[in-house]
Structure formats: C-alpha cells, structure tokens
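Next up is one chain by itself, shown in structure tokens, the form predicted alone.
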Amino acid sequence: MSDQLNYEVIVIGAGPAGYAGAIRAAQLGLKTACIDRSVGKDGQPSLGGTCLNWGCIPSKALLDASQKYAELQGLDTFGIETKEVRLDLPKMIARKDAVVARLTGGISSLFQANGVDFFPGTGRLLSGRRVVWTDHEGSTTELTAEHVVLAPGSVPIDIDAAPVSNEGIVDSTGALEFDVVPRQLGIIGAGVIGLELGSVWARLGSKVIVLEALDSFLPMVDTRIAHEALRTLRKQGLDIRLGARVVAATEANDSVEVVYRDEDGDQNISVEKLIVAVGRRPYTENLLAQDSGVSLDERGFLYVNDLCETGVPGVFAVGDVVRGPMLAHKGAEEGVMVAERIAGFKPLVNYTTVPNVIYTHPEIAWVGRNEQELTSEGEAIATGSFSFGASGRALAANDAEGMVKIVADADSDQILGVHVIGPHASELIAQAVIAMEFSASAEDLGLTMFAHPTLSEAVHEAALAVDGRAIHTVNRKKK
C-alpha cells in the first residue's frame, strides 16, 4: 500500500446519506474524505449514488416528461386544440441524462466548496477504523479515521426466475434507457418502482402488464388509499394482476416469454421487454473485512442502534444499508445526524415522521400510521377525509382524482397519520410532516387558515372532518 492518510471522518458511499453526511461533517470543521464507486454513462466518476444517477432523479425526469406528453393529448378538455403530438424518445432520454449530469456535478462542486476529499473507487473497512481505498485502476491506499460512516447504498434484487440480461430482461436501471417504446412491457412487482416505471412507459404508448405475487395491492399503504390507487391506475391502462407469481422468463426472437402462476394455474404472456422490480437489497459486498467488527442483522442489513452506531466505537452506518425504509431523505437525515453527533451535538432522527411518496399520477403519499395498523392493535381512532373531487382548485385543473385522509387518536385528537392520493401529494404531505413534528391535533389543523382556492384546502377539510366539522363535504354521522 502507498502512503497512509489520516482523517477525522471517512464516508464510504456518496449517495444522499453519504454525501449529506460528508458535506455536513466538513461544514463542522472536520477533515473529511468520501469514497464512492459510482461511474456515470460517460465512464467518469459520478457522485450522488443510485438516487441521482439511476433512481429518484432520472425516474422523476421521465415521469414528468411522460406526464406532459399524456396531458398534451387531452388539452381539448380545456378548449385548447393541438396538432399531432409526436414523441422524440432519444431527446427525452437525453434531457433526463442532462438533469442527472447537472445534479451530480452539483455534488462535486459542493464537495470542493466544503473541502471534502473525494476518492473514486471502493472502500473496505478494516479493524481499528482503517479503510482500504481501491481506485478504478486497482491501486490501493490505506486511510485511517477517527470516525467511519458506512453508506454503501443498495442494489436491485435479482430473482432466479427472471435473470437480468440488460437486453430483453432488465432491472430498474435498464428500464430508464430504452431507445424505443416497447409495444408490450411486462413488470414483475407492483411496488413503488414497478408502478412508477409502468406509468412512464404506459403514458408513452406501451401496453403494460404488472405481475404482483402478493394478493393485496400496496399493503403498506392505507387500505382506502390503496383501493383508490388500484382503481385509478387500472383506469389509466395498467394491467395489474395480483396473486401472479412469475416462475420463468426466457428471451427468444426479440421477445420475452413469461410464465406466471395464479389461482387458476400457470399462465403465459409474451412481451418485448420485462422489468424486474421486486425491490432492493443492501449493498455490502467487499465492504467489511472479517476483523472489522461490524455485524449484519438477520436480513443482511448493517446492525445499528437508533443513533446509527454500529457495534464498533466510532463506526456508523446510514441509509439503505440499515433498518428502516430505503428512502433518500431518510438516509440524508441520518447522514447529517451522524456528522453532527460526531461534532458533539445531540440531534435525533424522528422515524415516526418519515414521509413516503409514490410518484404515479395521481401521486400517493403518506406519513405516520394507517387505519388498519392502528385498529389491528386495538387503538381507538377517529378519521376524516376529503375528496379532491370537491376541491375547486383540483377541478379547475382537471386533476380531481383522489383524496386526503387523516387518522387521529380518538381521545387526544393527536394526528397519528396522514394519507394522500391526488395532485401534488408529494408536496401536500410536507404539511402533515410539519404538523406531526409539532404533535399537532386534527383540531390544530382545522383552526389553521388555508388559502383559497388551493389543493391544501383538502388537508384542512380532512382535519375538520375528523370531528365532523368539514364545510365542503357531507360529514359522516358520529356513532
């Protein structure tokens, strides 16, 4: 090994959890290095991890572009006539790549501005908080640190029944790079990734079949919201088949032959492309030497406590590789928390108010607990809801699918969960997160003035409805 380098903080991984932690540590005056293995489409090191390069950002770029394409074909509703709308898919993909390049370049600039040393390549934790950095040419250097933050991220889960070839069968990364719109597209998995990718390609003209092994749809979502989502997405043309477990997929003659099993036995479909979107797993390959002292839990995640501390003093782990939802914002908050605790501050991450979003149209968002979880545990609750169909702003925008639902404690009225399906749900849910961070009651939201006409009024009316006081909808009679 070459010369040994010493740091106060070394971060392995430059996704949202890693880069946020590295930047915050440097802001606090700590000598900080960050190691990351990611390489962009141009073959050069690219910061931002999966989120910026192959996940959150590129998928949203295509979701927004495809939604605009779909909306253009329905402008006659507004009294606007358009000529033939044509799709330029290569240009759409190029714009997606430009957005990615701008944001990943922005992280690089932030590293430079804050004094974070970037080491492109892989990092491996040894004992004694030593880290071996291997660059992309294979050369190794040993670094040491007072504190190490492990943020290696996650990778798509593979399944034996449908081996990814990146030709006919692709993962979520390959699904962002199609050069033509598939006539028939199969998707394994009706989770967040599968529904978002399915929405993109259905809007652009694919006949999309989504195969979900579970009998229930979006089981982590409030039941009423999930039912509304299933109805709406099917109406948009997504052929969502529940209880359909894929048992084999083979590529032949520019098609993929898929066999799945449902309650009626084995079924067959033929598609041009098949996306495997069954989830992600923590990426820990070659991350830990045997003597590192860091342990994995029974699910393959790095074991940490509520402060993201591993069993080794001075070694932390954050983001997709630890317990909790695999969400960029959750990881980023963990990274910042760890950096600040290293610097002597005492912040905490409130895991009860982590917002979740599915960027279909309408969007689906929630924070806190849902009705079925609370009632199954015997909790006494009260609920209130309001439909966007009664929202003046939503109707004016011709975007009135969905609803807001608020779940509160029946005795204290404290808000326990907020669930939204509808326009701009990803933005509206922030109001609920803020309210819950301050332990607000439904009455608190009901007493708050909201501008008219806005989509936010749906949150206000849902809060009023908890106590049967909504103005612009019929209140349910109290039992």
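It should be emphasised that the depicted structure is a prediction, and the values quoted were computed from it without experimental measurement. Don't overthink the numbering: it's just position in the shown sequence, from 1.
Omitted from view is the form predicted together with a small molecule, to which the following refers.
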Quiz prompt | Listed residue that, although the small molecule is not shown, lies within 4.5 Å of it in the model of the complex (heavy atoms), from G123, G384, P282, G402 | solution = G123
Self-check item: Exercise: S154 in contact with the small molecule in the model of the complex, heavy atom 4.5 Å
Solution: yes
Quiz item: Does V459 reach the small molecule in the model of the complex if we count a contact as any heavy atom within 4.5 Å?
Solution: no
Self-check item: 4.5 Å heavy atom contact, T104 and the small molecule in the model of the complex
Solution: no
Exercise. May I ask you to check whether S66 falls inside a 4.5 Å heavy atom distance of the small molecule in the model of the complex?
Key: no
Quiz item: In terms of non-hydrogen atoms within 4.5 angstroms, which of the given stretches 66-74, 438-446, 423-431, 45-53 touches the small molecule in the model of the complex?
Solution: 45-53
Quiz item: Has each of K31, T144 and C308 got a heavy atom lying within 4.5 angstroms of the small molecule in the model of the complex?
Solution: no
